[in-house]
Structure formats: structure tokens, C-alpha cells
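A single chain comes next, written as C-alpha cells; it is the form predicted alone.
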């Protein structure tokens, strides 16, 4: 329901912006023969030279631009752009019909005040464009080019539009060949004046909406304030400090928010601790979740994927299998030193828990595996408790192997299997991959390689344990190797 509300709000505000643009263009730009930038500027030049109404040229040129935009910006953006193009075409036609005079000309509503018409029209156009961009829409034309560039680069929208529009405005000099040189130059100057005013207005409104502030909050009741800020969906960082006068420890809260929410933050803090000490500072740019995206090219073209483990043996195996095309990072590589719970009732649930933890708190696409040894004579044990078989602390291979040998004493059924389930979270999609290898449990340890239960497990059809094999031999037939092979095949199928 919330998504529907947001979409409806977007379309309403885009329509309002388009109406402002059409009114400004029809009342202040066309009657004074001012050439603006973009497709609207091209349409104006065609109108001044041939009399073909601006909405006709505008619609035809935008049809070509939209073909390129669909591929780069996606259907969601382009649906709103298509709506914007069609609605602006209609509004341009409508406003002209509302004010057109009997002789077919458009009235000069400000009399002979051409420069005032230029200023007012350009201001309104800048405001109108910002309405459209801030609500994920566009008026089409060079706005589409600007949006494409802005998707990948931290370049001002106004600058991109200006680069596209200089040539268009300059060309109007050659259209008014019935005027003397002074008046033709004047038309060009008015056009550039309108361009600069609308570009700066566009940047001002958009950047005003994106301004952020940083709060530093000093309070003895810091934990309650932090909880209250978190409850509003805002992130808070707690820093350790020391009051130098009192020589006592202090906690300092740091919180970044959009400037428009600063009053809300002040009220929240005052309600909890009216004696809190805080400072607020404007910040130049904030990039990350909830703010702007960092639109720079990565130095490496490798796709970064986090493997939710700090097990060096696992990491080495998986990196060897995935090769050089992927930047595989461990939990330690992304600064994750938190305990990730594994409370699931199956390998799949445990793998999903780990991958979800990384995705939620660190943002990276992530895959996690959960593996275990299932012994038939032990009713599938140790199973999901394989790493913690001998101790709750886990990862004591020697103790786990010793316990397994004790439990298997006197048993003739030595059948077992290793299983691995990988959960891969990419964006909002989760995919699972499973690998399994059957074999049997020996009565004593063999081999010094591998890890875990490898010295006791002989795969079906083999004479060596996993611990006696080279890493390449093990990867070719192991449970993890088979699961990763399916994972790799999945990744390669999309290249």
C-alpha cells in the first residue's frame, strides 16, 4: 500500500512540474522568441523558422531518445518519462490554445519586458524540472541524457544539461535572419541567460533537498536517545570519549540525517534529555544507504561477493574454484567480526541466516554455506552440529574426530555422506545450490591435508580420504566442490 501511495504521489508531483513548465514555456518563452535548451529549444527553433507547433517536433524527437533510455534507465524510469513526454505534449498544446490570439500569435504578457520574461520563464522552468527529477520522472529530451550520465557519475544535472544545450541555443543566431546583428546577438544572450538561470535553479532546488546534517550528541541518557533514533529508521554510531575537565568517560552519538528532518531530531532529543549537549553541522555530501549513491567506476571490474566465513580453508577452496573473475571477500575483509547465529533446523536455514546477516548489516551480495557430515549409524549425526560436535565452542577438528571415532566403535555400518548447501543473496533474490558426496568412515585418521572430518572420510569409489588428496582432487568431487560448481555455472550463465 505504501508503494502505491509513493507512486501516485510521484505522478501527481511530476504532473505539477510539467504544468509549470508548459505554462512558463508558453507564456514567457515562445512569445518573446527566446530559445531555451534541450528538445524544447530545438522545437522552438523549428517553430520560429517554419511555424510548426512546438509539441509536434518535441514529441517526434523524444520518441527516438526513449528507445535508448529504456535500455539504460529501465522501464520504471522510462514509464514515468513516457508519461512526462506525452503529458507535456498535451499541456503545451493546451496552454497555447488557452492564450492564443485571433491572429494565431501568442500574447506578450509582460509587454516589451523581454528580459523579465526571460528571467521569470527560466526560473519556472528550473523549478519544474526539479519537480520531475526529484520524483523519478523527466520531461524527456536532453533530460534523459542528463539522467543517464547522473546514474553513473556524480556530475551536476545542471552542468550536464548545459553542455547539451550550448549548441542548440547558439544556433538560434542563424534563425532570425530578418533581424539585424545586434538583435540576433540579443536573442542568443537571452537564450544563454535563460539556460544559466534555469540550470542554477534546478541545481539549487535538487541540492536543497539532498542537504544533510551531522549531529553529535552528548548525553548521559545516550542509550535511550540512540534507541529512539533507531526506531525512526536512522542509523546511529556510539563513540567512546572522555570529558577532559571531569576526567570521566562519555559516550558520543553521531547521526547523519537529511536537513529537512533536523527539527524532528531536535524535538526527539529534547523530549528524552532536555539537558543534552549537541552540535549540528552541514556536511558536503553523504553517500551510502538512505543517502546518495557513490557513482564512480570501480578500479577493478571483478564482481564483489562476500563469502560469509572466516574459515581460511573454505575460503581458499572457493576462491580457487571461482577463479579470477570474482573478488571473493571474507567476513574479516568487510570488517564483520560479529557472531552470526546459526539456529536453523537444516543446512539451508543456517546458510540463509548467515547470508541474510551480511546483506542486512553490510549491504554486499553474499553467499554462505552450511556443511556437515551425516553418518547413517548415528541417525544422521553430527549433521548441522558437525562443527560443534565435541564442544559448543566449535571448530575443534581433533576433538570432533575423536568423538566420532568413539561413537562409531563396534559399528559395522560405516556409511556416511558430506552435504553442503549454499545460499546466495543477490539484491532481493535468494538462490540455493546443494552438493553431496557419499562415502564411509574409517576406523582411524589418514592424511594431513584438508580440515574437519577429512582424515576419516573416504568418498565412494576412492581409496584415499579427503585429507590424503590434493586440493584440486578434493575440489573435483567434494560436497562443497559440487555445490560451488553449480554456483559457478549459475554465475557464468548470466555473463
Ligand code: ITT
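For clarity, a rigid core is taken as the largest C-alpha set superposing within 1.5 Å between two forms. Residue numbers count along the first chain shown, from 1. Every value quoted in this text rests on a predicted model; they were computed, and no experiment measured them.
Not on display, but discussed next: the form predicted together with inosine 5'-triphosphate.
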I need to confirm a contact call. Of 359, 329, 314, 234, which residue comes within 4.5 Å of inosine 5'-triphosphate in the predicted bound form, counting heavy atoms only? 314
Please identify the residue among 171, 230, 221, 310 with any heavy atom within 4.5 Å of inosine 5'-triphosphate in the predicted bound form. 310
Hey, in the predicted bound form, does residue 417 get a heavy atom within 4.5 angstroms of inosine 5'-triphosphate? no
I'd like to know if residue 89 sits close to inosine 5'-triphosphate in the predicted bound form, meaning any non-hydrogen atom pair within 4.5 angstroms. no
Although inosine 5'-triphosphate is absent from this view, report whether residue 395 comes within 4.5 Å of it in the predicted bound form, heavy atoms only. yes
Residue 372 near inosine 5'-triphosphate in the predicted bound form, any heavy atom under 4.5 Å? yes
Contact segment among 438-446, 52-60, 37-45, 451-459, judged by heavy atoms lying within 4.5 Å of inosine 5'-triphosphate in the predicted bound form: 451-459
Out of 472-487, which residues reach within 4.5 Å of inosine 5'-triphosphate in the predicted bound form, heavy atoms considered? 474, 479, 480
Do you see a C-alpha shift of 2 Å or more at residue 236 between this form and the one not shown, with the core held fixed? no
Does residue 456 shift between this form and the one not shown by 2 angstroms or more at the C-alpha, the core having been superposed? yes
Once the core is aligned, please say if the CA of residue 92 is shifted by at least 2 angstroms between this form and the one not shown. no
